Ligand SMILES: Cc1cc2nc3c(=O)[nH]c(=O)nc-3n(C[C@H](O)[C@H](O)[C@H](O)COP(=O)(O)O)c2cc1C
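A single chain comes next, written as structure tokens; it is the form predicted alone.
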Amino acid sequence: MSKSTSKNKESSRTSARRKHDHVDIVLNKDVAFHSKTTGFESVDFVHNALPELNFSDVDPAVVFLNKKIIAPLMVSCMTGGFAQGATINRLLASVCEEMGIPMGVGSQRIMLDNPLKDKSFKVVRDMAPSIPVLGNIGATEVAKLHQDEYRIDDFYRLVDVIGADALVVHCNPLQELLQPEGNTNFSGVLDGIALLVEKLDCPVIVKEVGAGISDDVARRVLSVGVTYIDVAGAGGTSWSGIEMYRRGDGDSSHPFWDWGIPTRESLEMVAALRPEFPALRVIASGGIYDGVTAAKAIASGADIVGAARVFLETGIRGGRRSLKKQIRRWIEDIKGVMFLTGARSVIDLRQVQLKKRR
């Protein structure tokens, strides 16, 4: 066995263990932010007693990645690459297909080391032939494009195997800093993103994983051709907390547990760049736990809203039926907000003003 093959196998085993740990900790530990919130709880909608439309006239459907979806909602990038990951992805994908909303897979890094792990990701497209599906790879892997460790063909394969409509590049320096086996080599990421934008036949989405994206970072990635940004702000799941549990710490008083830009603040900073970058599309995730909060995110500038942990917990603990019920409730609540604010469409909802809660 060559040194390269041995190294890849060890990396694959490490990735599989890490993915298993992430799901286990999310389900069994308190990994929420403790002193920092998303910011959505501080604002309210202004009730419209004369909406001048019928509830049946409300239409939350939007176009995302050139496909029509039933509502501005998606199941965000989550898992894959180990046995339970395939089961989880199969469940999530089948429900997303039936409900008509997009789904993202977890990091596909393990596929770069071990093609035998493709199946747990490929199952998503097998179960969901018509909805938008998002691939996913880490920023540090993208940086390696300029170090000749990976070739652009490797990234073509990540997209092709799952029939992805877009490839998410997750920028997670905080998580990598605290991860026991983390990679903090972020030099060259922007050049790698620029190369992906140039070479891939699908859009590149840049996202954080719970610490938010600033207007400066957004402007830099937009300047190299990115048009989709997922702010993935602070206030929901603390990925630094998850990594602290993995390294045996789990100290919620650690100064990095609540590190990051609150989701609403990050969303407003990024959305404010639309006049400068008209093609910009913004995804809001990070602490979105119900349909009303999702509607607040739309009114704060998002085109579409994503959530992960809340759907993962429901799917695993309650099964397919419970997950469908939850997603249906979120969609009905988004429609309810639209009706009660006089918004016939999601475009109208984005124009609705929020007021600060007293």
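Note that residue numbering follows the sequence shown and begins at 1. This structure is a prediction, so every number in the text was calculated from the model and none was measured.
What follows is about the form predicted in complex with this ligand, which we do not show.
J.: Look up in the predicted complex whether Tyr228 has a non-hydrogen atom within 4.5 angstroms of this ligand, and give yes or no.
T.: No, Tyr228 is distant from the partner.
J.: Given that the partner is absent here, does Lys207 sit within 4.5 Å of this ligand in the predicted complex, heavy atoms only?
T.: It does: once this ligand is placed as it appears in the predicted complex, Lys207 has a heavy atom within 4.5 Å of it.
J.: Report whether the minimum heavy atom distance between Cys77 and this ligand in the predicted complex is within 4.5 Å.
T.: Cys77: yes, in contact with this ligand in the predicted complex.
J.: Looking in the predicted complex, any heavy atom of Arg309 within 4.5 Å of this ligand?
T.: Residue-level check for Arg309: yes, a contact with this ligand.
J.: Is it true that Lys19, Thr237 and Tyr289, all three, sit within 4.5 Å of this ligand in the predicted complex, judged by heavy atoms?
T.: Yes, all three are in contact.
J.: Given that this ligand is left out here, which of Gly241, Gly85, Gly260, Gly106 has a heavy atom within 4.5 Å of it in the predicted complex?
T.: Contact check passes for Gly106.
J.: If you check Ile69, Ile331, Val58, Val26 against this ligand in the predicted complex, which one has a heavy atom within 4.5 Å?
T.: Of the listed residues, the single hit is Val26.
J.: Looking at heavy atoms inside 4.5 Å, which stretch does this ligand contact in the predicted complex, given the options 148-156, 207-215, 190-198, 271-279?
T.: Within 4.5 Å of the partner lies stretch 207-215.
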